[in-house]
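Two forms, one protein chain; structure tokens for each follow separately as structure 1 and structure 2.
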Structure 1
């Protein structure tokens, strides 16, 4: 009798679940067999081209033209500097390398729960971003000045991503507070600005900031083209992020705000001490997803004349003897995006599976 009351033992091993998912039904089995057959046909040829017969290191593109040659990864060694740093002066390249490492470390530290307080996360990003700008720009302590027009490649992509994140997050907080305001005018203006911005493609907004805005402003007010684009990008990010935060607000019981008000807390104390920490905790996974989208969207700036990693890849194989090997160059650039995006995506998935970690830093 006791054995009959015991729940059945379910084999939850990953291999068992995989097998059941692939061959659990006749339709799944047929689709799985077709896909496996395609992979068996494709993978050996791809491995021969990408690894076995590939040309890895050579300054002579003629070796890549041999009849039995596979992928010409030598183009990365020969033109990799352009992909990573654009036209940044080669004698100052160490500064771009160090600045990129600082920015990557800043992002990594931001993923550590110990830094999930307002003071620590703000300090981390301000220090990292300021260090990046000082290293890239120079003009002090014996470092040569390098204008933003010479910034490029992966280093510029990281800069745009960091600047948009730093400027866009405070904007998102202001916009969501304005949209939840009890003042009808403020609430309506915030809703109009958010909905209007979200109705336009990002490319349209960036193009307007880069090309059209200087025509409407005096020269002394137009500023640097890169910073105009970053400001427009940050506002676009802030509008989308404010909607994510608004969803976090909607998940919080209204009684918490009323209880805080009953305790005598002011509006700003209720928001920053009681509500916003919970909002960020609950909205953290979709916020990570928004970071992923923002990092991918940095490639759009190549269309309006910036030398980001995509434009740098175009320049790296746009002229000379390495032109035929554009596939390898674009695969390499794609792998760079994949590493960053995959890492952020897996981290967002980790947060969704471990909600207790999200709530530890309230």
Structure 2
């Protein structure tokens, strides 16, 4: 690139540039003024409510009832453990804490490129999920048995999210391979399954898995409600994600596959060494999107009687004195969602900057 082609260097301080951007034209100035006015009207009141007049630590809801009291963050102090761990027995809470850490670690490790070989990733998942389930369920080595009906809060939300996406992703790859298969029966079966699943709302599918399936299946096959729901959710995720991957496939030139075939690569080598790494690269933004949607969609399970983070937030404010402070509790739950979703987006940004998302770096 030559100097001739560079844009003229604007010699101004950042402050000046900001002013230029905000008030450079009459329209921009008008928009800026409206927004500034709105902020001046909103922010001080919010800060007074949320911080200055807020009741922070008291365990006594009476203090929050004072007429000049702001936000009642005391509700989080008194009832926060419900939001994190639901109705998990308090004496056993250390197990829920440990299990949540294990689950977060499993997710983080799955995000680190070094773990992306079949053996490493499968080992990580097996160890992570087994540890989580053993810790939460107990019933061995002196740990009390705690049934899945007592699992809850963030601990449960994390588990559902991790299990759904980690089981759903390989499923998505299988489905997209099947849908692009040259065998007509496999192809149309996969297309039918995907289209059928996508034409039902998630809630209907989860409701059927939780409530109706055990009426149809024999007792020994129906398993725990939680695992039925995760399986159905993972299939739902797999169907959507496989269509995202199919979009990625369609963006790759047909010559890639043909060239790989000409070099004598087998079907699996073509798919896993040549095509899929590029597919993941291309399909990364919608894939991260799908993960974020799935994280938020886990709260649908509260409707079918799971004590996820939303249900346990409802429970946290659902006791006599704390009822009026639902806004604070929901803001807190919202912040938890924000932390996880924001981290996911940032991770997506990091992946996009990598030269190759999946394959070896050269």
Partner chain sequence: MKRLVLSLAAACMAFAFGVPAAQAGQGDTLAMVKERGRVLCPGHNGSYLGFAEVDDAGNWKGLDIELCKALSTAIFGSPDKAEIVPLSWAQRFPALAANDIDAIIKVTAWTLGRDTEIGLQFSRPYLIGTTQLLVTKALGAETAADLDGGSICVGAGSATERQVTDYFKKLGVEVNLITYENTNEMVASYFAGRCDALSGWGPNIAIRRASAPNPDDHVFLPDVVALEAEAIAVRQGDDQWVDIMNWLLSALMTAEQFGITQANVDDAKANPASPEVERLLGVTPGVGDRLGLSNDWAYNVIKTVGNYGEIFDRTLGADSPYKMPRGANALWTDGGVMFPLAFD
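If you're wondering where the values come from, they're calculated on a predicted model, not measured in any experiment. Residue numbers count along the first chain shown, from 1. Just so we're on the same page, rigid core means the largest C-alpha set that superposes within 1.5 Å between forms.
Comparing the two isolated copies of the chain, the first one is the form predicted on its own. Once you line up the core between the two structures, the Cα of residue 116 ends up 2 Å or more from where it was. Residue displacement note: residue 261 has its CA displaced by under 2 Å between the two structures (rigid core superposed).
Relative to the superposed core, residue 28 shifts its CA atom by 2 Å or more between the two structures.
Shown is the Cα shift of residue 342 between the two structures after rigid core superposition, which amounts to 3.0 Å.
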